[in-house]
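Just one chain follows, in the form predicted alone, and it is written as structure tokens.
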């Protein structure tokens, strides 16, 4: 039964052996790919929560461990939840995670986030105190913005940071976004492929940028540190931004580079121009 906050029992005892094997397959594949690609906080989070102990993690056990580190817990939800519910969970240091897992024939692409994306992709970063605080600040900001008419702009901020963010480190660009670290193909594409733009993070610029939900991103935004990301969110008065955005119906297209912005890598856009994932699928048929 679903509660008023859309939480449901995880139903860990109901997972099948095949579903646990799917988690293990996905986990083993990603941990082999991510060294040298994922930022160290993510790697440390995997180890701190021991997400590779075998099978789909039990949310209660995992939450007890996570709460002792940063005060967060993971709650099960049946899928995507309304904006106000999502923001409220984050504002109260609860991360809502889908409790279902993709089929074995969907390992490479799933449009709706499942337990692997939500737990493997998101939860390790919640062990980083600064990023954990950013997530809570985002939730609180979301609650304040419900009547602003700018929820799509706020969604773009989440998309280009929490889901598809890159970070500059002393060792080069690294991944921290959940949508990338949980994807075998995009974890390589986002860092190595010449096709996408990689641009320095700017809060309002990101909020005015469109994004893709059906394929690799054509643009990635790069932060310098989690502290910078946190302060850009907490120290900014979003009111004037929302006022400026009220009169802007169109977002910047996904392949746009503005004259004044800092370009880390100007992409060729070849992947998108050739048709992206759809073209690749057709070429295999």
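Residue numbers count along the first chain shown, from 1. Just so it is clear, the structure is predicted and the values come from calculations on it, not from any experiment.
The same protein has a further form, the form predicted in complex with a small molecule, not shown here; the description that follows concerns it.
Original post:
Of 132, 157, 123, 191, which one comes within 4.5 Å of the small molecule in the model of the complex, counting heavy atoms only?
Top reply: The residue from 132, 157, 123, 191 that makes the contact is 157.
Original post:
Of these, 81, 137, 107, 173, which has a heavy atom no more than 4.5 Å from the small molecule in the model of the complex?
Top reply: Partner contact (heavy atom, 4.5 Å) among the options: 137.
Original post:
in the model of the complex, which of the stretches 25-33, 61-69, 232-240, 43-51 has residues with heavy atoms within 4.5 Å of the small molecule?
Top reply: Flagged stretch: 232-240.
Subject >> residue 144, heavy atom within 4.5 angstroms of the small molecule in the model of the complex >> reply: Close contact exists here: in the model of the complex, residue 144 approaches the small molecule to within 4.5 Å, heavy atoms only.
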